[in-house]
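One chain comes next, on its own, written out as structure tokens in the form predicted alone.
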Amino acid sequence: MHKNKLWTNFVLILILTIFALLIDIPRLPSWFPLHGWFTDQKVHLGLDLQGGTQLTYQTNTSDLPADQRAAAVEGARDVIERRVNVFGVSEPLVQTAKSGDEWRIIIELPGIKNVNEAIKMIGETPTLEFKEEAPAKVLTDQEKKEIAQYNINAQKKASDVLAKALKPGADFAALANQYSDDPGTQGQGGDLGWFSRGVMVKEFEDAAFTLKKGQIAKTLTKTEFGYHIIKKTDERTTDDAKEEIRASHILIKTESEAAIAAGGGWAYTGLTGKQLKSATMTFNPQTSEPEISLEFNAEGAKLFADITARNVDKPVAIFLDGYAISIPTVKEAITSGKAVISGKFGVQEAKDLAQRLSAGALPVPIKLISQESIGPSLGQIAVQKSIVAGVIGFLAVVIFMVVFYGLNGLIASLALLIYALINLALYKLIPVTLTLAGIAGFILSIGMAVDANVLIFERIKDERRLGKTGTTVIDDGFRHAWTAIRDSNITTLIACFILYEFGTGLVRGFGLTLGIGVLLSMFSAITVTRVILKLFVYKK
């Protein structure tokens, strides 16, 4: 390599190292140029290192065609991520996972210690769906038996949950979060909010209004939706002397032969909150009642036009959180991409609903099946031990390299230090969410960087034994070692790609940090070590 080119490469490496060092320093003095930008680059710690909350939701995609379920779950994931970001959670991790036919959404919220706050944050997101009338269906005897057995199982499950709810000290909200099939209240302790007579179905109201404040109904309440376990949580009288109560419930759904024979009532159309562009509270010019105006994106506008075109003079239902809140009859095809939800909304209720829909409506119902709070203490101890282990390991490697390879080993250690600085800077810039598994991947990549240097130095020794001298020894040593280093690292990179692409959570983090480390280790061993050796050790 020409001398000038060597010096050019050395200067570039020096500039890159200084740049990485400036990013790695936690805080630069205020007089330093661009100190604000450098200081803003932070290491992003994962849930296991700084503590927080992990929630696992099960999605209900049974109403969707099989080929659309994956896209709908991804849409739900995007909506939840946007909603979490609105609340300012730093470095949230929202990902999907599939087990058999079941899709789950796993949410990690670093820094959030209050599980109920996190559940509320996610649970407030409404589920919006547009459905059309489903064609009638003739049930077979087998299907009727299955429906009957399903309802028997539902009643038994409801009785079991009721028994748990009536035990002294039972946590009704926790039971609702765990067992309720109501997507509108599941995750919120089953809270239905305030309501007066005439709002709920008659059977439910008859049971709820006879309870005392804080009392749980001792028997199941059967409605067209299933079995309800009801708890009256509060009561009040409004300014116009109207009696209102607040209640929570646990719903165990049942199935109806008539509903299924009628096609289940309503069929999936593909138009959901996923295609919603905006939602605003407006007033009906004729009735002056508040309503919510919806505007769809291009995909939603086309779907809405198709739905209204094939349902002229037929009803199209708007479902919110699993319940039909508006069933207008289509008069003509609507191609403007705009729709209106009308209902018995109060002004504040309509405004809140519009804000929630704008923040993101879920394209599929979700059910909380697991919640976990993770303390940061374990992570802090692990980080401290990892740092100590890393420093000891680095010093041990330096001693080994110097003892066995002399000056060459010292230069390899310098290249290793540059490697570590650039690696850490990349973690901040990409950014990489660092977990314990990620730290393991980083430390493992250090070993691979040293391994490449050892291979190179052994080849250099071989070349010297052949009587070669000067830069020829370096060039031939690197050339002969390169193929082994390349093949070894490529196979590791393939493994990293598989871990990152098909793994989840910590496994992906391990694959990512190891992959970055392997790529950088090749740069460190092949470029940095080689340039320094040729400039300062083997000059001729």
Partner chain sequence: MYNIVGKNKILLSISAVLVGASILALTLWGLKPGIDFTGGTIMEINYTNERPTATTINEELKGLNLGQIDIRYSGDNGVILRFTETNEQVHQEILQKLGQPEETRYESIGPTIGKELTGKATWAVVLVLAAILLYLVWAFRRLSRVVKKGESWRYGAGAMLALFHDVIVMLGLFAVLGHFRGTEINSTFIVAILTVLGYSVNDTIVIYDRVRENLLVDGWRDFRNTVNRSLNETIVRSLGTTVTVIVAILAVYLFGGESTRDFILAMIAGVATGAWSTIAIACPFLLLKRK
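Residue numbers count along the first chain shown, from 1. Predicted model only: the values in this text are computed from it and were never measured.
Just so you know, the form predicted together with its partner chain exists too; it's not on screen, but the next bit is about it.
For Gly447, a non-hydrogen atom is located within 4.5 Å of its partner chain in the model of the complex, even though that partner is not displayed. Although the partner is absent here, Asp40 lies well away from its partner chain in the model of the complex, with no heavy atom inside 4.5 Å. Residue contact check for Phe502: one or more of its heavy atoms lie within 4.5 Å of its partner chain in the model of the complex. The closest heavy atom approach of Phe478 to its partner chain in the model of the complex falls outside 4.5 Å. You can rule out all but one of 450 to 458, 191 to 199, 223 to 231, 277 to 285: in the model of the complex, only 450 to 458 has residues with a heavy atom within 4.5 Å of its partner chain.
A heavy atom within 4.5 Å of its partner chain in the model of the complex is found for exactly one of Asn116, Gln178, Ser256, Ser159: Asn116. Though its partner chain is absent from this view, in the model of the complex it lies within 4.5 Å of a heavy atom of just one residue from Ser373, Gln348, Thr329, Thr237, which is Ser373. Looking at 472 to 499, the residues that come within 4.5 Å of its partner chain in the model of the complex, counting any heavy atom, are His480, Thr483, Ala484, Arg486, Asp487, Ser488, Asn489, Ile490, Thr491, Thr492, Ile494, Ala495, Ile498, Leu499.
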